[in-house]
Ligand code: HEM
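Take a look at this single chain, the form predicted on its own, given in structure tokens.
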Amino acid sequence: MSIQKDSISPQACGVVKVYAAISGVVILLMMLFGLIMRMTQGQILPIGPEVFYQLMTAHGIGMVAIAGLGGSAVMWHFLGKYVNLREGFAWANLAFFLAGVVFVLGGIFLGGFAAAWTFLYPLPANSMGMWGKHAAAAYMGGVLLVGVGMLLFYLESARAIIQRYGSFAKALGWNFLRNGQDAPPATIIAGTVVTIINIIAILIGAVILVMMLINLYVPEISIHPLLAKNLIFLFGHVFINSTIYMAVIAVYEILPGYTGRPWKVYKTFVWAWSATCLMVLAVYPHHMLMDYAQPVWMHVMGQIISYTSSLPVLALTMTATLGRIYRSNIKWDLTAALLVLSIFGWSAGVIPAVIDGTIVVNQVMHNTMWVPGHFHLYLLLGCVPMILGFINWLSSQGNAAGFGGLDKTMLWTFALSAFAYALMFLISGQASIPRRWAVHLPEWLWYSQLASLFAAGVVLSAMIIIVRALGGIVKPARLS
């Protein structure tokens, strides 16, 4: 059964395949880093705290960056079906991305930088001798380079969307809300929202990164710490949220080919994405509920939007996915299964996030393992399966593959191991085990040791899925 053929140029397909291949390899590497850290906390591996925090920093920034690159592969591939994208910008993004990665890794593993991916001010400049200012500058400069590349990517997306639709308003479907005609495809609506929010977020991130780089070498020029934290979290939280909004385009574009039911755009869909465009920019204060100096109205906004921001798009995507599967005689393969799994993971990951976004809970739980439980559930079972499903679909070159015993075994191993791994974070948080601690007390060890077992299952199954998919990607495309 032919699933879907694209009207994408071979050159564009080439850059997407490079994005996808890099994403698959780095996702696997970040999983290995996660396994090593959990084994260290469980005293299975004898790694010192300084190396642990370097790995933690690399793991955090690496997953944010590679989720962004993987989501960009999905968005570029399918957005190019509807608008005229110039592939040079995709290659430029990749060049800046790789250059930034070199600086980031050099700052961490050569310079010893270990201030976590959030690089909160003034920690990078006050390392207590653990790293020098050049290491901090390499790290932040590398993040800035990655941001420059992504900004070029989104500016090109913006140009192409406006060229085709005339304005962001039309691309968001606002004309369709008025006249009920000419609804943009779901991919255009999602791509427009991501483009808007990430141009804003990346520019804000660039501002704080430049300010902190100046402060490193001219410490007399200080920054208000609360302002710095707001800018960092606005940048980081919007960007990591956007990764799943890019990756979900794979569900919109690929799954209908399996079910025979196109992804129709209704007015509720347009309203949902328009609301998300605003709420995702305003939800980040739920990470700052313990900052007593923060204005009260921002705390209130953070809590309210934490309850509402994930619902519009997620609820519609979840119900629409189930509706398209129901009695559709879908022919399952690994791609379809991963995409459907991703909707479950996205939905499940929201629940502990909303719980933590409640102020009375946040005061107790936010600095515990509960928080990494939320975002591991969200990423491992939400965003990552979307990206892996897309990579697997590219590997099969748009044709349905079989769903043999190995595929089923690896899918279930990955799904159950990832869910159990994230659950161990949540259980650890419920037991008040702090997050970001390299050394755990004896009574905490069994949590980390059991989590390490599940992490090994994630790594093994993901490795087989990714290696098999990459084998298909490097094959020359078949002529149709």
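Since this is a predicted model, take the numbers as computed values, not measurements. For every residue, the number given is its place in the sequence shown, counted from 1.
Just so you know, the form predicted together with the named molecule exists too; it's not on screen, but the next bit is about it.
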165, 117, 103, 176 - the one with a heavy atom within 4.5 Å of the named molecule in the predicted bound form: 117
Among 283-291, 84-92, 368-376, 205-213, which stretch has residues whose heavy atoms lie within 4.5 Å of the named molecule in the predicted bound form? 368-376
Within a 4.5 Å heavy atom cut-off, is residue 31 in contact with the named molecule in the predicted bound form? yes
Residue 380: touches the named molecule in the predicted bound form, heavy atom cutoff 4.5 angstroms: yes
Contact of residue 15 with the named molecule in the predicted bound form (heavy atom, 4.5 Å): no
May I ask you to state whether residue 437 is within 4.5 Å of the named molecule in the predicted bound form, using heavy atom distances? yes
Site test, 37, 60 and 459 vs the named molecule in the predicted bound form, non-hydrogen atom cutoff 4.5 Å: yes
